[in-house]
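Shown here is one chain on its own, the form predicted on its own, set out as structure tokens.
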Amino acid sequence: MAVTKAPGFINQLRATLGRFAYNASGFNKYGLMHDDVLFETPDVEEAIRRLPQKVVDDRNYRIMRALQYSGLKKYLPREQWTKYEEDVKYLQPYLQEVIKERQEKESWEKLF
């Protein structure tokens, strides 16, 4: 019986630590999402290029607002902070596709 409770405890611990790390990172206090603050490698830039225009506009708005508040040395009001549960990894499907395509291209180039 203790064995069945262990995975639940581990999942709960993982969620708690994830929420703590998310809040400690600070970008959520500016209304940014996780994918807004990714280091822009060529793969990330290509994934951003493939995003629908509405998603790009929303991303640019969040980034510009964060830059403005950061320059003022203020945070957004607490009710406007991005919550851990509300953060959507909107770029990940596109990024995975770009990485897969790049790896496939590299494997083809090795053959010839």
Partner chain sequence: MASKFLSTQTVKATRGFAAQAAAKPAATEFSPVPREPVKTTTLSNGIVVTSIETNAPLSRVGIAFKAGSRNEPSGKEGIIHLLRMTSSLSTKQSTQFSLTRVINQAGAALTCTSGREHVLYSVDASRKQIDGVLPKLADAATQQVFKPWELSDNLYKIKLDLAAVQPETQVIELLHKVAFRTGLANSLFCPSHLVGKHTTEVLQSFVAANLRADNAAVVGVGIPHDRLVAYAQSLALKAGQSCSGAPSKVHGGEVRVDTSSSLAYVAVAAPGASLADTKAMVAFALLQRALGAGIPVKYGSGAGSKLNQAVLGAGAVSSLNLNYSDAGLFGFVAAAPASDAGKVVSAATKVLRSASVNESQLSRAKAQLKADLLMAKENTGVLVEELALQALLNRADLLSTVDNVSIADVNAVASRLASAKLTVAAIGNLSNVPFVDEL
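Positions refer to the first chain, counted from 1. Being a predicted model, the structure only gives us computed values, none of them experimental.
Beyond the structure shown, there is the form predicted together with its partner chain, which is absent from this document and is the topic of what follows.
Shown without its partner, this chain lists Arg49, Arg65, Lys74, Lys83 as candidates; in the model of the complex, only Arg49 has a non-hydrogen atom within 4.5 angstroms of its partner chain. For the three marked residues, Phe20, Tyr22 and Asp43, no heavy atom of any sits within 4.5 Å of its partner chain in the model of the complex. Taking non-hydrogen atoms only, Tyr90 never approaches its partner chain to within 4.5 angstroms in the model of the complex. Along 93-112, a non-hydrogen atom within 4.5 Å of its partner chain in the model of the complex is carried by Tyr94, Glu97, Glu101, Glu104, Lys105, Trp108, Glu109, Phe112, in order along the sequence.
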